[in-house]
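Presented as structure tokens, the chain that follows is alone, the form predicted alone.
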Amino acid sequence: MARYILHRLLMMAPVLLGVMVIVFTIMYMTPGDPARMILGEGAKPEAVAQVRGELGLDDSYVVQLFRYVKNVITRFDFGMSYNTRKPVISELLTRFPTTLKLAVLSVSISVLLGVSTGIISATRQYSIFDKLATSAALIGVSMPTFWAGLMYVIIFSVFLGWLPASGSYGWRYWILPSFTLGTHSAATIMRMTRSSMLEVIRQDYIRTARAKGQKEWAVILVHAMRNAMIPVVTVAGLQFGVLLGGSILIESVFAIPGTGKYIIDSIKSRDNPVVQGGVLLLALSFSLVNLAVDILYGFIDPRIKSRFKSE
């Protein structure tokens, strides 16, 4: 098991290196001068040239890329923010717990709704509930999260006045953004749970359990659900990683001061180190979530756990 985890951690290195190179290249080729963005449009050319020299923007692409990658690998240094003149890593880490909280709340809602609805739909295939749930899941997958968030704000904040439209000052402020992200992911989890459960409940051991007089809830929850959870856990883990990155738009819609909103604001102001560090942090989080999902397989399926031990 330890060898497997070490192997996966080593495999993450080229992925993160590729993310660094790609994001740095995109930001380097993006039109606009960060030095002029810092000083303003009316700044003198001499002042702009001085700031460019201080930031190392006059160096070639290769030199800047090599310096950035070396600092990240050797010192875990993402550079200094152009706007606040503070270390990027500290700025991101102060905001990351807010993004993580939003992702955890959203994935909790999505798993609760998606798994329960998928199980009921599978056990009552072609019923009214199954048809309504499948249609709702299709609509939920098709709706962009930022559009759904705006619609929820109009309905529940503007028209009904039940919930606040923006901010993160109390538990009521987290309902709309968590529900927006959670329902979108729940649609995907529901469809996967339904298809996986339909495949499992047709197996011979399910018929055997029923023939032995097992209660229906025990057959579904003990025998069928555990064997159907592998693909569901995979999708739920991927959705959690997606929610960490997908919260960028939702944080902007609901004015939540998390990592996503910070990255959006930094893109507008051409604060390149923040954008590069933020994307790299999200990529690292996504990779760690995938690793955690792979390890969780061993606790769900004994066959996978035995394979871990053999490694």
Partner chain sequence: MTILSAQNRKVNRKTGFWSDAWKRLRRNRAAMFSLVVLTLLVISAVFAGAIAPYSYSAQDYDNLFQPPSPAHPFGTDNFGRDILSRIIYGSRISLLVGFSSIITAIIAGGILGAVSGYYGNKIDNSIMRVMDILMAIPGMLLAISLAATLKPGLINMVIAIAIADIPGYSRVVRASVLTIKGQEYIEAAQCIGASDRRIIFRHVLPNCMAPIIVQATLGMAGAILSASSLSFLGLGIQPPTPEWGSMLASARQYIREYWHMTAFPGLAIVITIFALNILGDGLRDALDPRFRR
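Small disclaimer: the values here were computed from a predicted structure and weren't measured. So that the term is clear: the rigid core is the largest set of C-alpha atoms that superpose within 1.5 Å between two forms. Residue numbers count along the first chain shown, from 1.
Note that the form predicted in complex with the partner chain isn't included here; everything after this is about it.
Undergrad: Pick from 198, 72, 80, 233: which has a non-hydrogen atom within 4.5 Å of the partner chain in the predicted bound form?
TA: Only one listed residue qualifies here, and that residue is 198.
Undergrad: Can you pick out, from 219, 229, 153, 100, the residue that has a heavy atom within 4.5 Å of the partner chain in the predicted bound form?
TA: Only one listed residue qualifies here, and that residue is 153.
Undergrad: For this chain shown on its own, do 122, 129 and 224 all sit within 4.5 Å of the partner chain in the predicted bound form, going by heavy atoms?
TA: Verified in the predicted bound form; spot residues all out of contact, no.
Undergrad: Considering only heavy atoms, tell me if residue 203 and the partner chain come within 4.5 Å of each other in the predicted bound form.
TA: No, residue 203 is distant from the partner.
Undergrad: Might residue 27 be said to contact the partner chain in the predicted bound form, defining contact as any heavy atom within 4.5 Å?
TA: Close contact exists here: in the predicted bound form, residue 27 approaches the partner chain to within 4.5 Å, heavy atoms only.
Undergrad: For residue 191, is any heavy atom within 4.5 Å of the partner chain in the predicted bound form, or not?
TA: Output for residue 191 is yes: heavy atoms within 4.5 Å of the partner chain.
Undergrad: Would you please decide whether residue 147 lies within 4.5 angstroms of the partner chain in the predicted bound form, comparing each non-hydrogen atom pair?
TA: Within the cut-off, so yes.
Undergrad: Can you pick the stretch from 211-219, 114-122, 139-147, 175-183 whose heavy atoms fall within 4.5 Å of the partner chain in the predicted bound form?
TA: Selected range: 139-147.
Undergrad: Just checking, between this form and the one not shown and with the core aligned, does residue 255 shift 2 Å or more at the CA?
TA: No: residue 255 shifts by under 2 Å between this form and the one not shown.
Undergrad: 2 Å or more on the CA of residue 284 between this form and the one not shown, with the rigid core superposed, yes or no?
TA: The answer is no, as the C-alpha of residue 284 shifts between this form and the one not shown by less than 2 Å after core alignment.
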